[in-house]
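Taking the form predicted on its own, here's one chain by itself in C-alpha cells.
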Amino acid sequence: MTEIDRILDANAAWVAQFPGSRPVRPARHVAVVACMDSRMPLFPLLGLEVGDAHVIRNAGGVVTEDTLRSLTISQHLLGTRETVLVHHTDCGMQKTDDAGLADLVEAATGHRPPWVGRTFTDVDDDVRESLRLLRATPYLLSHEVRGTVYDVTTGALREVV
C-alpha cells in the first residue's frame, strides 16, 4: 500500500465525521501564510476550525508572487481582512542558500530553476522581510498583518515585532 492509498483510505473515516458544507468566505476573515513543514498542525495550533481561514503554505512560509496573488484574491473576492504569518524554528530553508538549492536541483535534474528559493538564515529577520513585502504591496485591501514564529520543540507561538 502506498502513502497515497493510505490517504485515500483515511478520507473514508473523514467522510463519516465530515462537518458539512461551509460558506466559501472564511468565517473569521483571516488568512494564514505558513511554512509547509509537516510538524506544524496549523488548525489546532491557531485554534481554527474548518471554514475559519484561508491557509497558504509554501517552503519557508515566505511571501512570493503566488502568495501575493492568493492573498489578493482572498481579500478582494472572499473577504479576508487580516493576515498572520507563521514561520518556525528549525526550518529546512535555513539549511542551504539560494545558490546551493539551485545547484542541487540542477545537479539532480539537469535544469536550473528559474525561481529563487528565498532561503534565509534568521527566522525573525525573514518574518520581518515578509511583513515588509505584504505591507508594501499595493494590491491588498488590508495591510493588517502580523508575524509569528512557531517553536517546533515546545509548540509555542511567539509574535515577531
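Here the structure is a predicted model, which is why all the values come from computation and not from measurement. A residue's number is simply how far along the shown sequence it sits, counting from 1.
Just so it is clear, the following notes concern the form predicted in complex with a further copy of the same chain, a form of the same protein that is not shown.
Ala99 falls outside the set of residues with a heavy atom inside 4.5 Å of a further copy of the same chain in the model of the complex. When a further copy of the same chain is considered in the model of the complex, Arg57 lines it closely, a heavy atom lying within 4.5 Å. At the 4.5 Å threshold, heavy atoms of Leu133 stay clear of a further copy of the same chain in the model of the complex, well away from it. Put simply, Asp126 is far from a further copy of the same chain in the model of the complex: not one heavy atom of it is within 4.5 Å. Along 101-125, these residues reach a heavy atom to within 4.5 Å of a further copy of the same chain in the model of the complex: Leu101, Leu104, Val105, Ala108, Thr109, His111, Pro113, Pro114, Trp115, Val116, Gly117, Arg118.
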